[in-house]
Structures are given as structure tokens and as C-alpha cells.
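Okay, here we've got a single chain as C-alpha cells, the form predicted alone, with questions on binding and movement later.
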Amino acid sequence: MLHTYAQLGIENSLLGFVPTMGALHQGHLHLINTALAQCDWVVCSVFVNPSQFNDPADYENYPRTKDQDLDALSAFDKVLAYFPEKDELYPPHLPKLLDYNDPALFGILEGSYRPGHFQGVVTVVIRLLKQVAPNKAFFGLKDYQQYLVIKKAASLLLPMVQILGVETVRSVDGLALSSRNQRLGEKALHTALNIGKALRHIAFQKHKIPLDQAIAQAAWMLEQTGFETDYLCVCLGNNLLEVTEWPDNAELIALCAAKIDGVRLIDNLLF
């Protein structure tokens, strides 16, 4: 990448980075626009990272739309598309995974349902950051736990890179945009709206009814609409420590992971 910067004469520019797994949608494009508003140039990478999938079928079924992704990125000025090969990020002379662990964040929520997931995420992101060498990197807050994991890991391993979270982009009816949505039929897409409704229900009930009751009502809403729920909980926004009663003064986040028609969706709501 540094050779490319020199060829373009931008090696001294303020550089932003948006790592993705492709199947680009408006959420990704919002990340790019946010990065462009703060940086001179932006690199957007597309790489479906095998080490963060604990289910081989999920990896195989993940949407891959290289031609469409290139078309979307070509519409931007000052955006460099980067499609690394697997050997660039997992060369034979390096261990498969980075020697990094964060028990507090790796062992809860997504980490407990997807063993090894975050070690794979940290490995690929740190290696991408080293290759791209940005000043700032931008991550969507839909994957809130991932954002916290990466922010902490980068602060320890690559403190010169600023990690920034960007608000979740939603459809007009409230569905969090996700590449996995492409695997849902029209009926399931409509049903998926209930995740956001369940999270909003919990937030609306703050200090009105006990927290466990609010969560139980939201869980019932998901069950009745056909979801298989992995987790639905409320945590402190700064560290994802789960709470069982409403605190007086704290930023909270309601988080959910649930499956519909075999597709696993995640969402959250800060309040």
C-alpha cells in the first residue's frame, strides 16, 4: 500500500481506512463518506476473513459481490479499493492468529456464541492496519462489541491509529443495514424489523418497569415472530458489563443476536 501512496503522491496525506467484508451497502458507503469528511484519502478494503467464522457454512454462504463492490467504490473520488489475497494477511511465515487475548470482551455475548471470533477479528484488523498505515480507521457501531474489541486492541498494539465508531445506518423502517440481509427473503426482511422494535421496547421501559421484566417482554416479542434468540440483554455502554437493574446515571446499550430463516442478525441500541 505504501508503494501505491508514493505513486499517487499522497504519502503525506491524512489517510482514513474502512475495512469491510464486502457486499457493500449504504452503511458501508456512510462509513466511507464519514472518513472522507475527516481525511484527505480513504482506503476501503474488502476481505471475507476466514478466521472470524466459527461456522464453515456461514463463511461459505457469506455474500461475495466483488464486481458490484468495485462499481460502488469507483463512484468515489479519493477512495482506494483494496482487495487483499488471503496469503497477504495470512502468510505462511506468520502464526495463523495474533497472540492477543481480552478475556473481559472475548468471553461474552458474541464471543461466547462464536468461540475464536474476536481473535480472528483482531488478527485481520491489526494486519490490515499495519499494511494500510492509516491515521484513522472507521467502524460501524452495529457491531458494537467488535468496535470496543478493536479500539482496545489497537490502543495497545498500534496506538498511532485512531479508531472511530460510526452510527448504525438503518432502512426507512428501522432495520439495521447488514450484508447478511441479502440472504433474507421479503417476508424474513419484514420479520427482522422486530429486533429493532424489541430493543426500542426495552429502552422505552427504562425506570418504568423492572429491567428483567422489560427484557422478558422483548424476548417474547421475538419468540412470537419466529426468532431463535442467542442473547438479549442490557449492558453498560463503555465496557459491556451486563446490568440486572436500571442504574441511575449511565449510558446503557441493549444488544441482541437472533436467527430468522437460518440467518443470524445482530443489532443494538444505545440509550
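A quick note: this is a predicted structure, and the numbers were derived from the prediction, not measured. Residue numbers here begin at 1 and follow the sequence given.
Below: the form predicted in complex with a small molecule, not depicted.
*Asks:* Counting non-hydrogen atoms within 4.5 angstroms of the small molecule in the predicted bound form, say which of Val124, Val132, Ala198, Ala137 makes the cut.
*Replies:* When the small molecule is considered in the predicted bound form, the option within 4.5 Å is Val124.
*Asks:* Of the options Thr168, Asn181, Gln146, Gln119, which one has a non-hydrogen atom that comes within 4.5 Å of the small molecule in the predicted bound form?
*Replies:* Of Thr168, Asn181, Gln146, Gln119, the residue with a heavy atom within 4.5 Å of the small molecule in the predicted bound form is Gln146.
*Asks:* Heavy atoms within 4.5 Å of the small molecule in the predicted bound form: which stretch in 49-57, 34-42, 230-238, 210-218 meets that?
*Replies:* Result for this chain: 49-57.
*Asks:* Taking heavy atoms only, is Ile253 within 4.5 angstroms of the small molecule in the predicted bound form?
*Replies:* Result no; Ile253 lies far from the small molecule in the predicted bound form.
*Asks:* Answer for Ala23 alone: is it within 4.5 Å of the small molecule in the predicted bound form, judged on heavy atom distances?
*Replies:* Residue-level check for Ala23: no, no contact with the small molecule.
*Asks:* Given that the partner is absent here, does Pro19 sit within 4.5 Å of the small molecule in the predicted bound form, heavy atoms only?
*Replies:* Yes, Pro19 lies within 4.5 Å of the small molecule in the predicted bound form.
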